[in-house]
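Quick heads-up: it's one chain on its own, the form predicted alone, in structure tokens.
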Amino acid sequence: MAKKLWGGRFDKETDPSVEKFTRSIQFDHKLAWFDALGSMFHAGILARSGYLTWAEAGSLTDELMKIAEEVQKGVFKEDPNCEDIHTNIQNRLESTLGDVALKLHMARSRNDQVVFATKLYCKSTITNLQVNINKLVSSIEKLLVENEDIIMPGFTHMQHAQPVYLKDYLGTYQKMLLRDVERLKYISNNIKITMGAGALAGTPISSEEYSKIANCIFDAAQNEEKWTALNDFIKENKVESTTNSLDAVSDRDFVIEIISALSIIAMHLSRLSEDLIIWSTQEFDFVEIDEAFCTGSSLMPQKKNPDVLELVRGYAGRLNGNLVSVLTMMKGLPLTYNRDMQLDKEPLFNSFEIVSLELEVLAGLIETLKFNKLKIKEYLKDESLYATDLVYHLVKNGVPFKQAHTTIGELIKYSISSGQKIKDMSAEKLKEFSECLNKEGIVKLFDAKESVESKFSIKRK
């Protein structure tokens, strides 16, 4: 049974079932690097406040840097018997440095330690996620440039509506993703990295010392050159003294906001996937998905299934569930910290992981798409796509809009029931619907290029 960060008032060993039930190291090991960095900061603060000598702080920060480097290289030895990663790192320090490591937890609680590491993890992961979103945006942009001349049927209610540019259709997903980037940026900027909350009531160390925290790690270091790699990270993630210690340890709004934003991203990716799934069916045959991003059937040899897109669509439900689970977990908690909050980590980590993988695989898939221009052009022969253009034609010739709308509706109805195309109808037949339906004037309207270019309200690049 691994040593814990607590236990002095207990006479009995923790029951093995409790050990297993309360353990979180199997998922919070992701916080190791950020916890080590927080401990480096804390060692510097303790030295500035006289609770550690600078030599002691230096030895602690040196060992913590070794741990951080091991974590980055993937060689840090996690002890599965430890309660959590924070205990794991503390035990490592004690085994390496002895009694000096026992001083590190002065003016510190695991309550504020956890939230500090989690916030740093979130800000770092958001930065990486924004890069991945922009890569997908670039993949879509490349696809649009290659197919900028394609006009396709637009849909409302999954029914033919009006012709639109493919670049505008898929460009919609670029807009969604760019909003996602801004949403994540806003959330990250609002995450305040604080220290000094203690368990809930603050610490004996002055807030001024915490406000000088950015320099603590360097003051404690014996060789400043070895900390250079952390310069940018520290500058981008300013650490402050807390203004409300109770809020600092009980706040999980940032977790909920992040999972909410990730759920929105997953929803956007699901909608994109659904469009591509539909377009890749034999019934539509608008697009071909590369075999490298499809799977087959164990029974039907002819199958080429868009499993990647279907999983993206399915995982959106997982993200929504993660959001609801944290909201539900938090909704009944009194101030301040409660162990329930441990349960925010798995949904948070899982949501980040799913969205990151989706962005990666979709960026590759998008670049391989091949559009069937002939098939799409065949669909554009549907005259109903140009009904609104016919309405505009009548309006331009003095017919009130409502009357024009009704007239073209009747014309479409007649075309369907008679099996006769509008542009093949005689001039006399067209006049039966409206004197303003000039055959020569409307035939040119049944043209996809003419239709999309007649919409002047769109400010195109």
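We number the residues from 1 along the sequence you see. For clarity, every value in this text was computed on a predicted model and none was experimentally measured.
Below, we turn to the form predicted together with arginine, even though it does not appear here.
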Just checking whether residue 337 would be counted as a contact of arginine in the predicted complex - the rule being heavy atoms within 4.5 angstroms. yes
Classify residue 111 as contacting or not contacting arginine in the predicted complex by the rule of any non-hydrogen atom within 4.5 angstroms, answering yes or no. yes
Distance check, residue 451 to arginine in the predicted complex, heavy atom within 4.5 Å: no
Can any non-hydrogen atom of residue 174 be found within 4.5 angstroms of arginine in the predicted complex? no
Within 4.5 Å of arginine in the predicted complex by heavy atoms, the stretch out of 276-284, 103-111, 155-163, 240-248 is 103-111
Heavy atom within 4.5 Å of arginine in the predicted complex, from candidates 318, 313, 183, 345, belongs to 345
